[in-house]
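Coming up is one lone chain in structure tokens, specifically the form predicted on its own.
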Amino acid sequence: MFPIDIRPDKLTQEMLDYSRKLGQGMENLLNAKSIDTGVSPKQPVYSEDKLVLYRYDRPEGAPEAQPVPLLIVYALVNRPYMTDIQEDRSTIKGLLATGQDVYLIDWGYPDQADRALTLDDYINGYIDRCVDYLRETHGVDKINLLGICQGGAFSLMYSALHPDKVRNLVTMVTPVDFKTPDNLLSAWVQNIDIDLAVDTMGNIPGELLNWTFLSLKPFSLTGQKYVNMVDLLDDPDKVKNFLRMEKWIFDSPDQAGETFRQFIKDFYQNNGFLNGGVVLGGREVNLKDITCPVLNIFALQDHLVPPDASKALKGLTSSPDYTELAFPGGHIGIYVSGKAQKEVTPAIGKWLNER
């Protein structure tokens, strides 16, 4: 007996359905037009060099804004509109709905004029001046800080160096221990000659980093998802959401060379949060100097920042108020999945409002 039972009528029907989806998909792709980047209204309130600080408008019906503003610090890698990717998948909207007064730093696109920027420039320069703007505008001594991925590492450094300006700290999918055994990205970086790379290229091309990240899961991220795309091609809204995510994935700014050199050496190669030796502006970063409440959120299926890399934060600060939130999803799903909209952003808002 032949092991595979294929009925001609079912095979014909499947081929017809597949052809119909492809035909409809071509029409939907041609009609997709421009793809939005960020859906919530916002206003630029401060700018410096290529940095723009945005304040998000309060939606109609949102609760009264909390007196302490919330500053979101995103990674230098990729663009921050991931936090506001579409109408029904927006971390920003979720935070506004809990009464947070939300500000976000957009780092822009560094060019060769920025190749000499250092971590000190980003942490003690750009972030500190944005924080001071918020403190002065809102008449408060301290603000709330939410750091995402590499931006979480930036927020940890900032909170350790400026504890007098941070009321509450939230870290999302933030690497703390950069050498956990399951960190494939870290394993790749250990023996790379970073000095040679930066001295040769100046800034590190965003496209190079992007393909590095995609190579961590080559079959699913560069092949399987495009096969699966056929199943949604006949739905115009799903096509547009797919294209929106593709635009974000391949919208990769170059990295300022000196900052990239220091970040890779201090953290990926020397594991600076655990081993020390990270010096910014003449001061060493010590997480024990963080005394404010800390909410640490990590994703259980994160292949870029494994959960153990984030959970290492527990016990490293001096905060008597430390909370963890484990999300059953991946590095991107923690912002864009339906489950994250119901669980993560409401939890952040509730945690902040209680403090």
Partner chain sequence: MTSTNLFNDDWLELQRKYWDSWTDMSRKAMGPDTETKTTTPWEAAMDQWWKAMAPAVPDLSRSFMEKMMEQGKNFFRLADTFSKRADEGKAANGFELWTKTLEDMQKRFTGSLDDSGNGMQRLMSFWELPLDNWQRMMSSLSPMPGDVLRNMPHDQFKDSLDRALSAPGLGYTREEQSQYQELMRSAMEYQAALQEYTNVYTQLGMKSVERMGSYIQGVIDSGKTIDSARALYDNWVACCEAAYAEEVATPEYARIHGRLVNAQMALKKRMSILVDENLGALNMPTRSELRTLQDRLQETRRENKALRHSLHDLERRVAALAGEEPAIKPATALRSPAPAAAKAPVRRRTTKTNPAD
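Residue numbers count along the first chain shown, from 1. What we label the rigid core is the largest C-alpha set whose atoms superpose within 1.5 Å from one form to the other. Please read these numbers as outputs of a predicted model, since none were measured by experiment.
Another form exists, predicted in complex with its partner chain; not displayed. Remarks below refer to it.
If we define contact as a non-hydrogen atom of the residue within 4.5 angstroms of the partner, is residue 177 a contact of its partner chain in the predicted bound form?
Although its partner chain is absent here, residue 177 would stay clear of it in the predicted bound form, with no heavy atoms inside 4.5 Å.
Give a yes or no for residue 218: in the predicted bound form, does one of its heavy atoms lie within 4.5 Å of a heavy atom belonging to its partner chain?
It does: once its partner chain is placed as it appears in the predicted bound form, residue 218 has a heavy atom within 4.5 Å of it.
With the partner left out here, check for me: in the predicted bound form, does some heavy atom of residue 324 sit within 4.5 Å of its partner chain?
Looking in the predicted bound form, residue contacts with its partner chain do not include residue 324, since no heavy atom lies within 4.5 Å.
In the predicted bound form, does residue 111 come within 4.5 Å of its partner chain, counting heavy atoms only?
Yes.
Give a yes or no on whether every one of 61, 87 and 303 sits within 4.5 angstroms of its partner chain in the predicted bound form by heavy atom.
Not one of the three qualifies.
Specify the contacting stretch among 69-77, 238-246, 94-102, 166-174, defined as having any heavy atom within 4.5 Å of its partner chain in the predicted bound form.
Heavy atoms within 4.5 Å of its partner chain in the predicted bound form occur in 238-246.
Within 164-194, the residues that have a heavy atom no more than 4.5 Å from its partner chain in the predicted bound form:
The stretch 164-194, when checked against its partner chain in the predicted bound form, contributes 184, 187, 188, 191, 192, 193 at the 4.5 Å heavy-atom cut-off.
CA of residue 20, rigid core aligned, shift of 2 Å or more between this form and the one not shown
After core superposition, the displacement of the residue 20 C-alpha between this form and the one not shown reaches the 2 Å mark, so yes.
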